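There is one chain below, alone, in structure tokens, taken in the form predicted on its own.
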């Protein structure tokens, strides 16, 4: 699979279509993001598979936003799994990236990883390497978790989340790892909403402020869960906001490339599109 990806990237450089390619490189047994430039050998490039250092996943889209701000006239290639492509679609919609300045080189997730991630989109439309697998079974576990939470009455749910939020150390890891967090000024650092220096965080304001911002952005990549040192089930919280968006508006972030968020429109709520 890596050979097919390298062949595609080399062709993009040869045809002068990209100024750089944002991917992953293995060095000294570690995997990290790397910007490959024209004329630079693709030595060490990897896909983050478990043969090297587990399924290494990074918010490459977040790095791409920074690159695009610094070099707005350049076109960049980027390694993209299904959730990464969903993120790109969201960033295009939110005018954080120019779709004409981004070329995705897509790879499919293996079935066991898609299942573990409860993935709604195990392979991108810009697929270059890997097998297309269906998403149906991979999201079953997430739905069951949401269903179990919804069986609790309101007081028990509120108590559950208060206990979870009380563990927060305000490290901002969930924000910093999120590929869909791009604001130049973060509401979580606004003293009118969140007091500085206090632990535990303002409950429930801190996490509910972020959850509201994620309502039409979150692509369910799960990186926030992986980054949280306190093991707060943040993904479950964002799954709930995504479920509400789906039920009320028929909207799922990043699934349809050209779909607008209902939160960006004024007037009556749009009718839910039959699926």
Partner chain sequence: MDYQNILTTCTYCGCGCNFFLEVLDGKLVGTIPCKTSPVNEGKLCIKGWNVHQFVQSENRLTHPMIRKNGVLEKVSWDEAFDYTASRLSEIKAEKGSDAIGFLTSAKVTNEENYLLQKFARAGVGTNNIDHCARL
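Numbering follows the first chain given and starts at 1. Since this is a predicted model, take the numbers as computed values, not measurements.
Omitted from view is the form predicted together with the partner chain, to which the following refers.
Contact check at 4.5 Å (heavy atoms) against the partner chain in the predicted bound form: none of 120, 151 and 249 pass. Contact with the partner chain, judged by heavy atoms within 4.5 Å in the predicted bound form, is confined among 176-184, 105-113, 158-166, 90-98 to 176-184. Comment: the partner chain is not present in this chain, but in the predicted bound form one of 228, 245, 236, 208 has a heavy atom within 4.5 Å of it, namely 228. Taking the partner from the other structure, the partner chain in the predicted bound form has a heavy atom within 4.5 Å of a heavy atom of residue 63. Although the partner is absent here, residue 255 is not a contact residue: none of its heavy atoms lies within 4.5 angstroms of the partner chain in the predicted bound form.
Taking the partner from the other structure, the partner chain in the predicted bound form has a heavy atom within 4.5 Å of a heavy atom of residue 31.
Taking non-hydrogen atoms only, residue 146 never approaches the partner chain to within 4.5 angstroms in the predicted bound form.
Residues are counted as partner-facing when one of their heavy atoms sits within 4.5 Å of the partner chain in the predicted bound form; in 57-90 these are 57, 58, 63, 66, 67, 70, 71, 74, 76, in sequence order.
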